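Next up: a single chain in structure tokens, the form predicted on its own.
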Amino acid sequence: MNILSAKNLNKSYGSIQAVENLTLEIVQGEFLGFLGPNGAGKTTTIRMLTGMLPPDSGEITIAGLSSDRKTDIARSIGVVPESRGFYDWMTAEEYLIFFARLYDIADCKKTTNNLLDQVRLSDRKNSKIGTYSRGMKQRLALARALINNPKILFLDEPTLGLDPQGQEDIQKFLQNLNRQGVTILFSSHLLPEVSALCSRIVIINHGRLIASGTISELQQQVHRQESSLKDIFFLLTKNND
């Protein structure tokens, strides 16, 4: 069963075609890697899929809901965007309670404390967010994205800029979430990270889908296809920012 279906998405910024005729499907319970070089159109696509940005054309359905039902979709999804805004003067507990109230969560404090336990921030729940490290803020962003118990989680470069331990912490947390049945779209520009986590990978470049499959299927496609795909595949294996 597809939890997400996007057909023929297009988005331009003036003369720049950011996303071109992109079709994407995600199966319920899947851990999908959404891969592409920097500037490939990943963030624009995620913004369209999550209702932050209207496509110029195309159709999007999430959890059986068409994209015009923005409020209902917002209650079904969780998002960790590329740019993560925090209220640094709040404590982590205050921050999550604020968002829990926006979703009309019945027991805001209990839900908040359960999430803080999950992301291992309980011991710092009364500290101001402004005192948090980058890795701690990433874990708090994940807790915020999970506040409404979403059916599908969208992650835009969630480990970018983290040290190796921070990356490992986030990866283990996401693997556990997926085992619990949460569908995940994980955007990255690093093939080694995505191939270690994801059951299937979609690669885009210049806003167009260029390959899709498991890591072994993608490797076979690279051997069969033209040098352009090989060049992209090689670029994505390089562990740099």
Partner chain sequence: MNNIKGIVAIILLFGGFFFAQAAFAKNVSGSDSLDITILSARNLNGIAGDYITIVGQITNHTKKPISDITTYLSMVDTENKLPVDLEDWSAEKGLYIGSIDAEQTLPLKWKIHFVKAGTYTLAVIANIAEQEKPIASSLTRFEVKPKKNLNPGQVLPVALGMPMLLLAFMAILQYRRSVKVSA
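Owing to the predicted nature of the structure, the values given are computational and were not obtained by experimental measurement. Numbering follows the first chain given and starts at 1.
One more form of this protein should be noted, the form predicted in complex with its partner chain, which is absent from this view; the next part is about it.
Q: Considering only heavy atoms, tell me if Q118 and its partner chain come within 4.5 Å of each other in the predicted bound form.
A: Result no; Q118 lies far from its partner chain in the predicted bound form.
Q: Indicate whether R124 is a 4.5 Å heavy atom neighbour of its partner chain in the predicted bound form.
A: Because a heavy atom of R124 falls inside 4.5 Å of its partner chain in the predicted bound form, the answer is yes.
Q: Indicate whether its partner chain has at least one heavy atom within 4.5 Å of a heavy atom of K128 in the predicted bound form.
A: Because a heavy atom of K128 falls inside 4.5 Å of its partner chain in the predicted bound form, the answer is yes.
Q: Applying a 4.5 Å heavy atom distance criterion, does N114 contact its partner chain in the predicted bound form?
A: The answer is no: N114 has no heavy atom within 4.5 Å of its partner chain.
Q: For the heavy atom contacts within 4.5 Å of its partner chain in the predicted bound form, list the residues of 88-127 involved, in sequence order.
A: Heavy-atom contacts to its partner chain in the predicted bound form: W89, M90, T91, E94, R124, N126, S127.
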